[in-house]
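Okay, so here's just one chain, in structure tokens, the form predicted on its own.
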Amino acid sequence: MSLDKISNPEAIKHWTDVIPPEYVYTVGVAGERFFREIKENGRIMGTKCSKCGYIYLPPRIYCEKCFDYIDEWVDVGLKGRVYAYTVTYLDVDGSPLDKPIIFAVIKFDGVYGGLIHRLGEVEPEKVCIGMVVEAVFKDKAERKGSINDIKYFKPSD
């Protein structure tokens, strides 16, 4: 092996074409059960570390704090609080929407993490940080096993 400095870049062998990336994204073990619970049971589930007690949403199979394997599932409930939100008045093409869309980060009590989702049944000027909201699911026959099986989160008492 030569340790000589390369002074002519054309001496380096290279390929001047494109390598198209092809892959299949899977939701993994935790994601599969999370979405199945939404689809089949209308529940939002997290995972709980038996060693340090952290509850994760979205669920994980390894604890980020102590690196222990997690196999305990807990129902985190359907209600959470608006942690942050934004209102969009334009679609992806920059055209005005008929009605603004509100997106929020929703945190659940006692849970590390949260969900990003739409808010519904509320006007933008009525949304506030800390507002209690609850999940509204599609009819069971319409659910496909995705986060969109939750139509939106609406204000709750």
Partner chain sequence: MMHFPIKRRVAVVGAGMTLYRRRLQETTKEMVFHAVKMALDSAGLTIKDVDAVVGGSAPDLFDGIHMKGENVITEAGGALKPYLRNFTGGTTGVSQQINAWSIVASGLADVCISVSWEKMSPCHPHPQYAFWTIFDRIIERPLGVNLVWIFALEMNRYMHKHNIKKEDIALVAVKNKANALDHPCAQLPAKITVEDVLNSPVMCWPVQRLDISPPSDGASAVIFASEDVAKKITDTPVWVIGVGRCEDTTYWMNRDLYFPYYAYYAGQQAYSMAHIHNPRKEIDVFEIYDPFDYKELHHMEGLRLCGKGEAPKLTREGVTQRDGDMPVNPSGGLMGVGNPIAAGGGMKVCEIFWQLRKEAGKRQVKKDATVGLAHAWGELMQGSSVLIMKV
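Residue numbers count along the first chain shown, from 1. What you see is a predicted model; the values in this text were computed from it and never measured. Rigid core (definition): largest C-alpha set, two forms, superposition within 1.5 Å.
Absent from the display: the form predicted in complex with the partner chain. The rest refers to it.
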{"property": "M45 within 4.5 Å of the partner chain in the model of the complex, heavy atoms", "result": "no"}
{"property": "Contact test in the model of the complex: E121 vs the partner chain, heavy atoms, 4.5 Å", "result": "no"}
{"property": "Touches the partner chain in the model of the complex: A141 (any heavy atom, 4.5 Å)", "result": "no"}
{"property": "Partner proximity in the model of the complex: G110 to the partner chain, non-hydrogen atom cutoff 4.5 Å", "result": "no"}
{"property": "Neighbours of the partner chain in the model of the complex among 65 to 83 [non-hydrogen atom within 4.5 angstroms]", "result": "K65, F67, D68, Y69"}
{"property": "Rigid core fit then V24 CA moved by 2 Å or more between the shown form and the other one", "result": "yes"}
